[in-house]
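Next up is one chain by itself, shown in structure tokens, the form predicted alone.
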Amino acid sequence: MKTSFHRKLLSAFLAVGVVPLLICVLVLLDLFRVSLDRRAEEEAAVQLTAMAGDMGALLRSCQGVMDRLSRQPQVLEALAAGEGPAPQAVYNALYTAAAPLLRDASFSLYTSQGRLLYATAGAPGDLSPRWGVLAAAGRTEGPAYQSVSDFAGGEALRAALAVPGEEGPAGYVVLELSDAHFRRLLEGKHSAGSEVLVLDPFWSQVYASPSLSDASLAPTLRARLLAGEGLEGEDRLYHVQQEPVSGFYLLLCQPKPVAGWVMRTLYLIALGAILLSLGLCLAVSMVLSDQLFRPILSLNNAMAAVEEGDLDVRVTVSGADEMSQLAGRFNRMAQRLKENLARSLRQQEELGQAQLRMMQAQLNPHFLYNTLDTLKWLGKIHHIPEVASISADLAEILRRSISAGAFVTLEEELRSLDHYVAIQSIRFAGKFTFQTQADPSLLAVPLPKLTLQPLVENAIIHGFEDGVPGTVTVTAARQGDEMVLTVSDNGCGMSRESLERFRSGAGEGHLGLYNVDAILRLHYGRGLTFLPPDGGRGTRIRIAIPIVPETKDMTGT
């Protein structure tokens, strides 16, 4: 279905007014959100890098303390003896090595059986060497790190370094980092409103900022990772970085720069603005398109009416703009077209009537002259009854010729033709024979008066000039929705020169043929057709007339 001009104009207004606004609002909001998220991500990366660096530096310092303690002779002797409390020399060595880190970590010495010997601060008590951090330390050369699941003593992270002996570990140097240690280490290293979590390699919580009230956050995030989902929450952003010394993870939990409800509010405001713009565009476009469309629609309907033949249609002219000027020009054009058409029809009708009258006037006197001449000589020479027959036939022909109608039925035309042939049979006795073959269903079909008589006359007078008798045949047959009339003879035929003169419009010598051809062209738009004769001799003329009911205009008007 074709789109109307009204709809195209309305769509164009909406596309120009709303689509750019929609694109701009969506793009700007998305750029605003992305830029804030990227900035927050960059800030989080800087903070995580700083905290991971501080934690790594602390752990490396602690490893240095643990390594020095594992080589102290006093420590080795105490671990070998397995007794405590140790002499003052062991405590001096322990506190001397750990002095720079006493506020940041706690250190302890354990025997190979996991019994606590010495500690810089409160220690968790004896540990089993068969599991936990001591077992892990016995299987590795360096320190082993482990989260502490029991927070009763306040520890969060524990590390152990095995002191080598002759037959396995001689003992262990143990490091403990409590919540207080982590708080002192990480406090002030992240932005306000953010929380920090320290997670072990299995994403179990080691430490969490005091402001974090959600104790289930670590398990929830671990479940998301196992399910293959992202860490981002509805209102919070999560950034993760691994600390390389311990292999633990630092997770920074930030509130989104623009909360979800804020973005939803912004989108609702944008949607309201777009809907408002859409309504304004609809209203303005409807007004403007109607102002343009109504004159165009009126002009289009008027042109369609003219195309259908209604020349009385006019377009209302209001205003002085270009559309009004166009409507005025259309009205003047339609008026002039109507006047020209009426003048042309009147001239054509007058011309057609004049030609018909002239042609029919040319037919009748020509035949009447020859017939009267025949009667004159027959009356002088023979004094025979044929004169009465000729007179009767002539009277019938004249009566039919001067009748008012320009059309007759095929039956009437053939009856008139029989009267004409009867006269010519007396005039040219023995010179020709005449026969007709007509489809009975065509007898009521109308055709122009005196259509066949000039053709038969031409065949009788000119077809047998060589003195050889012949036959003139008239046939009427149905072909589709046409009646095809054929007048043929087997006489000497028309010469090429005569046929060329006829086709060129010169009626000299064959005035009857020319007149019949002109009458047919006036009524049907096509005239006589010359066909190859049957048997190669004579003349065969074809006439095609549309079949119409008998009530067709029989007066020619």
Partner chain sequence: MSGRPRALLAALLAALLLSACGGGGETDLAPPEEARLTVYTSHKEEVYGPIVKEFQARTGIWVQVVTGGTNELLERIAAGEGPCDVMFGGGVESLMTYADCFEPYACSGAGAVKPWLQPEGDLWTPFSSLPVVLIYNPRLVSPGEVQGWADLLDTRWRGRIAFADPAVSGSSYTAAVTMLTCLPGDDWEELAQLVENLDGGVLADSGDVVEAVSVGSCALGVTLEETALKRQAAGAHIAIVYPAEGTSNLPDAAALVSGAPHRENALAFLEFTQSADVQSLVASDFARRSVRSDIPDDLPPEDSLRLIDYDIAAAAALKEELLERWAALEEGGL
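Please read these numbers as outputs of a predicted model, since none were measured by experiment. Residue numbers count along the first chain shown, from 1.
This next part talks about the form predicted together with its partner chain, which is not shown.
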**OP:** Please pick, from A50, V34, L499, A57, the one residue with any non-hydrogen atom lying within 4.5 angstroms of its partner chain in the model of the complex.
**Re:** V34
Subject >> Contact residue in the model of the complex, from R503, R68, R521, R38 (heavy atom within 4.5 Å of its partner chain) >> reply: R38
Original post:
If we take heavy atoms and a 4.5 Å cut-off, which stretch out of 270-278, 99-107, 166-174, 127-135 is in contact with its partner chain in the model of the complex?
Top reply: 127-135
Original post:
So, in the model of the complex, is Y249 in contact with its partner chain at a 4.5 angstroms heavy atom limit?
Top reply: yes
Original post:
Heavy atom to heavy atom, is R222 within 4.5 Å of its partner chain in the model of the complex?
Top reply: yes
**OP:** Evaluate T409 for contact with its partner chain in the model of the complex, applying a 4.5 angstroms cut-off between non-hydrogen atoms, and reply yes or no.
**Re:** no
Original post:
A45: heavy atom within 4.5 Å of its partner chain in the model of the complex?
Top reply: no
